[in-house]
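As C-alpha cells, the next two blocks hold two forms of the same chain, structure 1 and structure 2.
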Structure 1
Amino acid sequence: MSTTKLKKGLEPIAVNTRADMVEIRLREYLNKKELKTGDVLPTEMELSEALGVSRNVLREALSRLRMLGLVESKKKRGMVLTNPDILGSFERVLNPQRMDNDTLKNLFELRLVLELGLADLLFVRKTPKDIKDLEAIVKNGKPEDDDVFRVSREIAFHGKLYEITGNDTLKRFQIMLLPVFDYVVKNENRSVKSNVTHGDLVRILKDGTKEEFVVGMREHLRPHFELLKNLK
C-alpha cells in the first residue's frame, strides 16, 4: 500500500507543543525538589533560560499550572506554590447537561457508597443542635412522603448529614453530586419503599448506636440499590 493511500485512512499523530513539554518539565521539577505550599519558584527569566524556551512559551505553561491551582502570582514574591484545590476543576466541569446516563449512574453509586460510610464521623461530631435541625427537617415534610424518595427532602436531610461530619471535602462533594437527584427521579420505582425513614435515622442518631445507624442507612437506601439492579 502506498503512503499516500495510507495517509487517507490514518490521522497523523500530533507532536506535543513546546508548552506541553515545558508543563511536564515544570511538574517534574516541582516533584523532584519536593517544594511545599508557599515556596517561591525561580523567576520567569531563570526558568526560560534553564529550559531553553522563550518566556511566552514558559508563560503558557505556567498559566496551565495556575489553572490547575498549583501556582499563583504574589506581589513582590513572584510565582509561589499553592495548596491545590483538588475539587475545584471537578466543580467547574460537573454539569448534568453534559453527562450521559452512565456517568450519572456512576455518580449516583458514588453517593450511595459515601452515605453508607458516614456513620463514624456522624457519631463523633454530632451535637444536640444537629439533632434538633434534623428533627425540624423531618417535621417540615409531609408524613405520607416520609418513606418515599423526594428530591427536596433528600437534599435537605442528607445534606445536613454531610454537614454534621464537619468534613469540608465531603460537604463540597455532596453539593457536586446534586445533579444525580434528577437522574434518580427519572428512573425511580415508587413501588419499592424502605422500612427506615428519615425520622427513624434521626432517632437512631440521637439514641442508638453507630452499628444500628449503619444498618438503618443501608435499609433506607435499599430502594436506590434496587433501582441499580434494573438499570443497564
Structure 2
Amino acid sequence: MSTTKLKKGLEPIAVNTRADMVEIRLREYLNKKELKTGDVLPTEMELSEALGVSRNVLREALSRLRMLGLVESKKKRGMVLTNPDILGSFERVLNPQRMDNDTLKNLFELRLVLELGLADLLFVRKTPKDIKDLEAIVKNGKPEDDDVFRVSREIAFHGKLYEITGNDTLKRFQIMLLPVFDYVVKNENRSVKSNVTHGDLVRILKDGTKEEFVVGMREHLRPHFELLKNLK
C-alpha cells in the first residue's frame, strides 16, 4: 500500500539555514528599544564572531535587512539603523501572475473595502481645487472612448480620490494594488452596468453627504462586487 495518503498534510520540517536564523536574531536586535534611527551597529566581523557564523552567512542576512531598508551600510563607517520603507518589500512581491486565486480575490476585495471606507476622509479633506480636478478628469472622458482610455480614466479618477485623502501610504498602497485590480477586471462581465458614474460621485462629493457618497460608491462598484461573486 502506498503511504502517500498518510503523508498528506505533513509538511517537511522547515530546516532553517543559518542565514535565516541570523536574520531573525538581527531583527530582534534591531528592534531593541534602546536603539534609535541613525545608530551605528557593530561591524560585520564583530557580528559574525558574536553570532558564531561566517561573514558570508552574516552578509546574506544583512543583505535581506538592507533590502527591507532596515539598515544601510556605508564603507568605512559601518552599518546604520534606518527607517524602513514599509511598502517597498510589498512592491517586490506583488505580481498577480504568481498569486493563487484566493489571494488575488482577497486583494481585490481589500481594495473595494478601502474605497468604500474613504468617504469620511474625503469629506474632511476635500478642497475646492480637488473637486475641480475631479471634474476635469470626468469631463475628459467621452462615451466613445476605447478600453485603454477608459481604464486610464478610471485609474486617474480613483487615484485622485486617494490623493485627496492626503494619506501617502494609502495612495501608494492603492497604486500597488492596481495590477491586481487590472488583472482581475480583465475577465469582468461588462453586461453588469452601474447606475452611478464618476460624474455622479463628484457631484455628491461636492454638495452631498458622506452617507450619500458611500451609497453612491457602493453602487458604482457594484459590477466589481458582482465579479467577486463569480470568482468564488
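If you superpose the two forms and keep the largest set of C-alpha atoms that fall within 1.5 Å, you have the rigid core. Residue positions are counted from 1 along structure 1's sequence. In this text the structure is predicted, and so the values were computed from the model without any measurement.
For the form predicted on its own, the corresponding chain is the one labelled structure 1. Positional change of K171 between structures 1 and 2 stays under 2 Å at the C-alpha, relative to the superposed core.
Core-superposed comparison between structures 1 and 2: CA of I24 displaced by 2 Å or more. The Cα shift for D200 between structures 1 and 2, taken after rigid core superposition, is smaller than 2 angstroms. Core superposition places the C-alpha of K76 9.6 Å apart between structures 1 and 2.
In the core-superposed comparison between structures 1 and 2, the CA atom of K36 travels 4.0 Å.
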